[in-house]
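We begin with a single chain expressed as structure tokens, specifically the form predicted on its own.
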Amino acid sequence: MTEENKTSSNFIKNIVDADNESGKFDNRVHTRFPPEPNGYLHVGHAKSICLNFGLADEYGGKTNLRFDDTNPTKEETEYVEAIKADIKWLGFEWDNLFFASDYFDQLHAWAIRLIKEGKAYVDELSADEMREYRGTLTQPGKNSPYRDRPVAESLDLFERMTNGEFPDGAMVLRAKIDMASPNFNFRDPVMYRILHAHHHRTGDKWCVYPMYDWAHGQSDSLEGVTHSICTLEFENNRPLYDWFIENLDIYAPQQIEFARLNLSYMMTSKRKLKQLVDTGVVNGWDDPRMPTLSGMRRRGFTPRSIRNFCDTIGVARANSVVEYAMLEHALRDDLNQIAPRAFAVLDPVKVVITNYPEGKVEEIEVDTYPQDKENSETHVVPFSREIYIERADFMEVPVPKYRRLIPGREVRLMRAYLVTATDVVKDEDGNITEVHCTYDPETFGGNAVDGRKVKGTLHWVSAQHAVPVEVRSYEHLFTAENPSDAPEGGSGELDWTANVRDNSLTVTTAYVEPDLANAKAGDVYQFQRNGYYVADPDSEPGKPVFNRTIGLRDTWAKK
């Protein structure tokens, strides 16, 4: 890590340290996490959660969970409860639970105050007219013909808006700032719009709802937040955040912006993720292909791996794209420490050990946690005359440097015996259905008494005792590193859905050792030589379903 990166990763802490030294907030650190309950949290939110909760924890402060529920047409109680569950799963607990709707009465009263002071007015321009009047990046906007209407008239219209006399879109309440400002957010921003919609908490009490920029800063102020940390897209909103607070003459928090988390091959727009759900591309918000925390949890991600990943990437001022392999590295590192080892054959071919006694069954002791040298633990798996091995572990005509089972070669069956392939059985299409082997009875445990060496070691399961399970294997949901960019035909328009992979889910039947028959949802294992797998909530007693979490090969570690 360069010195520049070290500095950028700590810049928010540097600001907090400076504030504490100056006594700006009386040495308080009070943050908030303010999601809109219009979808499920995704991995990008995890960075903000870790930052806000982690910062408060480090300085002995507090963190509020506040739901930005100012748009009733998109918000649901289902999302509220899911967000709470995800935050707790990540390992954090909020000090206070609030909703922006808690402040609707106060925000409305403050809006009336700004109207009385000549700092807000009711505007009747249509949405198209408002865009036209707003101007461009190179041309200033022009004042609405309603901008200078009498205060009494705006007060009357705003009251009638509130009472439900007008239809949606008929008029809005705007702040009166500067239509010539180079900052578009200062060009008389909308504070309230008419919306005849049922709210998940306030019911039908309101038919005017505050805009985000009007509600957010005042909510921070009411809650005593010291450092309002948000992503870079709100940097241009900060002057408006400050303008509202200054003109209301209320307590002023400090807004600080940081770079949001962008991961290769991942889409983190809740609107687009909802489209994937609504169109059936994925099987719900918790589909393991989704970047949602519920989807990642179902995929087998651990809270610690996500927290460690967020700590590793740090907090920067400039946007960038983080390689997905880095997230996989954090996950693999954690799973390697906690996941019990198990035998599972994903693409089986039967092996018959012809000189092994028929009907004989042995118990083979294998390591459950070989990664934990101090607290070793073992379990037993049955071994019999007929076993399954991976189809890729036998080749009749081997490729160069192939070190697994071939005719005439001796290999090790993990913790069991040394075996040698003698012949094969094929079906009428020439596909191998059985491999016949002989074993050396003097090699129990997988080693020869005469010290001869073998290079290949294979995992296996007893065919007689193996449990068939459904295995769901996943690829990236998108084919492009940046899923948002996808030209559609010759039109030149961008259609991100063109990057959705057609075959991102493969369902197969595998065979696992008997101990896994009653795996419970969330139980994670390392399938020897294959990767990490987690039991899915679709599992039933005796019929587990496993999701492939991640393979064993770590491409990021080499970097």
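What we label the rigid core is the largest C-alpha set whose atoms superpose within 1.5 Å from one form to the other. Heads up: residue numbers just count along the shown sequence, starting at 1. Values in this document were obtained by computation on a predicted structure and should not be read as measured data.
Not pictured, yet referred to below: the form predicted together with the RNA.
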So which stretch, 24-32, 524-532, 504-512, 52-60, is the one near the RNA in the model of the complex (non-hydrogen atoms, 4.5 Å)? 524-532
Contacting member of Ser305, Ser384, Asn237, Thr420, with respect to the RNA in the model of the complex [4.5 Å, heavy atom]: Asn237
Considering Lys116, Lys272, Arg131, His198, which brings a non-hydrogen atom within 4.5 Å of the RNA in the model of the complex? Arg131
Check Asn71 for me: does it contact the RNA in the model of the complex (non-hydrogen atoms, 4.5 angstroms)? yes
Is Lys401 part of the interface with the RNA in the model of the complex - any heavy atom within 4.5 Å? yes
Whether Ile313 contacts the RNA in the model of the complex should be assessed with a 4.5 Å heavy atom distance threshold; does it? yes
Can you tell me whether Val172 touches the RNA? I mean in the model of the complex, with a 4.5 angstroms heavy atom cut-off. yes
Triple contact flag Gly91, Arg299 and Asn355 to the RNA in the model of the complex, non-hydrogen atom at 4.5 angstroms: no
Taking heavy atoms and a 4.5 Å limit, what residues of 129-146 are near the RNA in the model of the complex? Met130, Arg131, Arg134, Gly135, Thr136, Leu137, Thr138
For Leu232, does the CA position differ by 2 Å or more between the shown form and the other one when the superposition is done on the rigid core? no
Taking the rigid core as the frame, does Ala152 move its C-alpha by 2 Å or more between the shown form and the other one? no
Does Arg341 move appreciably between the shown form and the other one, meaning a CA displacement of 2 Å or more on the superposed rigid core? no
